[in-house]
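Shown here is one chain on its own, the form predicted on its own, set out as structure tokens.
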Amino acid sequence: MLTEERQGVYQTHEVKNQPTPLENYNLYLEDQPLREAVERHHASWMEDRLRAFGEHIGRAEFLELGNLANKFSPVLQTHDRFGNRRDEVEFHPAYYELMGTGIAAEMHALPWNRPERGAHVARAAIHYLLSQVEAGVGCPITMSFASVPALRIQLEVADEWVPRVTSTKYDRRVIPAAEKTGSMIGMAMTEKQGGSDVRANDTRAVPVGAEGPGQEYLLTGHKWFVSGIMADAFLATAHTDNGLTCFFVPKFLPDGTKNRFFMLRLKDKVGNRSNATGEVELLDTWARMVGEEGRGVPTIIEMVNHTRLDCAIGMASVMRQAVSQAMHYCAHRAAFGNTLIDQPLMQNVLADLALESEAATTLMMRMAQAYDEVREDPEARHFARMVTAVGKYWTCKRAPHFVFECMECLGGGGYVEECNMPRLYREAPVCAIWEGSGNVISLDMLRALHKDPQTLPAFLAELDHARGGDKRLDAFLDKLPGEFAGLDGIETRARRIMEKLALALQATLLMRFAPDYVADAFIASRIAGDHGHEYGTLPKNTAFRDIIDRVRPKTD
């Protein structure tokens, strides 16, 4: 038996040249781009809370909650042992603790509870930090956060439910909402025959008595993907005689008995495994109409716009944690006579990843600020509409390959489940699919331009803030309006247009707010074209070490 002094020494070898886990560090304080964004976007009033939050969630015991929540996936209990329907989902205690932490931090409600300047930015920072520990809590918390603007369309529903949804108490009990200290909201739109095409839904809604907004209906149909299936209530779509309409579906009826909300199975997903997504049958299920009859898509879009913001936040978070893990490993691992982080080619790779991560963080925080601006000035909605589509598309598209490159930095150790990189890798594709695939978002951008002529000028005006700072960027911006000059075949070019808009905005933001060496490297590689198809192909005159040191978490 090995003595305490001899632990780590075996009969055949001694454990050496292995980094310690990245833990017991402050996720907020060690993220310079995030801290700068919090300050410039008017959320400094949250500084003390963010510092404390970053310290709490960076502790080893809290980080372990993410591993446990994924190792022990949720389990659906359709019936009890006597054959009675239960329709309940059971989670590992780690998941409940993660959820409780997010709710207590107001990740679901900060802008609604404190409608002041910078509230969306502060809330984005909370989401971004907690999702680095475990992204599976993001879906149900995002659903609840995003439901509030949609619920407020129907005041009689909002008066009853918004106070429950914005409570800072997480109550996981499956009991009537009136008896709980807080409630969660899910979404039930997708059906198997339509997918993103919700107008192809077959679910039908029949009035109980009086018809119209706020009135009672019975819904019958099958929902193929129900996000946050464990929630207390859902926003769902169904057809009336006058078209697709939005409905509010609670788990319990007003008299306290269970609604006819029958859970069939949980989805066995590639990633996001700690979270429960499932299939549900509605059979004369009680609901109340939300918004105008036949206007289900415009009503639900109030929710979808906020969930798309959270897609960008979530993927920027995944990217940040992946590059943090890669940098930590390379700073403590030696090969071929030198520490990995000190080797020229690895420096190029890490600096390239650092640029991408900082650009994603900077973009998603500007997106969050746009939502704060809309509250102060309704005209800001034109830019917010456009930046939501562009930011969601690009950040989500960049994440999967980015995480793969970070995984490669760890070599074989990054490919085993004991490392959290595989979990990040599985998580990376979900937001590119959820709430609108790449094609859906690209076409949504074109619809926005068609319906609102002020959308494109508002976006281009944002880019003009960086004019005159770099000739390469100016030349790129000069060409952008030409992308919209001819409408022939514009749908086939929509993805390429989205890419250019995203890169232009990221370059503009970095030019305005990041150090010169960051902006110069980004523009040289992404705008001026001095970049290969893979990470690690930055120009030789790049300030590699400065870029790395700006992003690398310091734990020693």
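Bear in mind the structure is a predicted one, so any value in this text is a computation, not a measurement. Position 1 is the first residue in the sequence shown; the rest follow in order.
In what follows, reference is made to the form predicted in complex with a small molecule, a form of this protein that is not presented.
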Fill in: Per-stretch contact check against the small molecule in the predicted bound form, the hit in 449 to 457, 356 to 364, 382 to 390, 219 to 227 (non-hydrogen atom, 4.5 angstroms)
219 to 227
Worksheet entry | Sole residue of Gln77, Asn242, Asn338, Asn439 within 4.5 Å of the small molecule in the predicted bound form, by heavy atom | Asn439
Item to complete: Sort through Gly469, Pro149, Gly100, Gly194 and report the residue having a heavy atom within 4.5 Å of the small molecule in the predicted bound form.
Response: Gly194
Worksheet entry | Residue contact check: Met189 to the small molecule in the predicted bound form, 4.5 Å heavy atom | yes
Practice prompt. Would you check, heavy atoms only and a 4.5 Å threshold, whether Thr299 touches the small molecule in the predicted bound form?
Written response: no
Item to complete: Using the partner position in the predicted bound form, report whether Ile433 sits within 4.5 Å of the small molecule, counting heavy atoms only.
Response: yes
Discussion item. So, Thr277 and the small molecule: in the predicted bound form, are they within 4.5 Å at any heavy atom pair?
Written reply: yes
Discussion item. Suppose contact means a heavy atom within 4.5 Å; in the predicted bound form, does that hold for all of Met143, Lys269 and Leu443 with the small molecule?
Written reply: yes
